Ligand code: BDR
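One chain comes next, on its own, written out as structure tokens in the form predicted on its own.
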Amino acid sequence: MTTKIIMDTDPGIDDAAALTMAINDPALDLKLVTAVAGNVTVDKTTANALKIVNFFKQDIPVAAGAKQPLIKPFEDAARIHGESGMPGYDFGDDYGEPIAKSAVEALHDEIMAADEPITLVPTGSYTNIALLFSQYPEVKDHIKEIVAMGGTLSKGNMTSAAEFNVFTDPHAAKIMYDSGVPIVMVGLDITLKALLTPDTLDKLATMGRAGEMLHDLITHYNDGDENGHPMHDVNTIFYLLHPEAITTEEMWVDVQTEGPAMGETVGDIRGAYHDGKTNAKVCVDIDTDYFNKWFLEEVSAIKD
């Protein structure tokens, strides 16, 4: 049985890898891709999503979304992902166009038309999700869960407290976490452990057209060190397919929207402040060896 998903994304190199897995794994049915400003501007993230969909010759609709966060100024991550968001591989110029609908309209229509609750997989800022919930609150009852890359219970990668996706639009993150929809927080607590090792990266280059593309992108990824590259967004897909390889804890997560801790995700780890209620399943540990093994298996199974 396949899981129907929608990816809301800001490609970005690790987003491109996550899209690759979502498009090609037969256990997932990717119905729609929506783009948002994040790693780079939304015109570039939309083009990059189209490039990956077209690379695999898929007829999956791509819709352009929010150009900026709800309130705070936009701050990209071009220093990590390059000016285009996906340097290192030539996808050509003929990769199609986004659909006429906005991301919010496309999300609403796809969710409401689905014959079963759908899973949302945001791997960028959550601006599109917040706008969707604000404009069409009825969709919440038709969402199975949100498996979201972002957040941290410890040190951030944007500030000492905040992870990039949440920091980019903390007000949107707060709307999402307060929505009542079941959320899995796939944050830095596991993504900084699940490094794609140098050995795995070398093997990618020998794995056909898809492996070569991913290898060329990841070698231009300015995130990581001699131990490997964190494939942050890919962990959402890994969780969907192999939840047994990830340890989670149920807790309430609050999002800070102002001050020096803006973008911090604060987990009520003692269950002391919300009368025992929880709003998220937080990923806290991962089988890193299995993650690398799985990554290679996924790519090797892709037909050229």
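From 1 onward, residues are counted along the sequence shown. Treat the numbers as computed from the prediction; the structure is a model and nothing was measured.
Quick note: we don't show the form predicted in complex with the ligand, though the next part is all about it.
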In the predicted complex, the one of L188, L120, V184, M213 near the ligand [non-hydrogen atom within 4.5 angstroms]: L188
Interface segment, criterion being heavy atoms within 4.5 Å of the ligand in the predicted complex, picked from 134-142, 227-235, 200-208, 93-101: 227-235
Contact label in the predicted complex: Y177 to the ligand, heavy atom within 4.5 Å: no
Contact of T45 with the ligand in the predicted complex (heavy atom, 4.5 Å): no
4.5 angstroms heavy atom contact with the ligand in the predicted complex for T159: no
Contact test in the predicted complex: A173 vs the ligand, heavy atoms, 4.5 Å: no
Interface residues of 1-33 toward the ligand, as seen in the predicted complex [heavy atoms, 4.5 Å]: D10, D14, D15
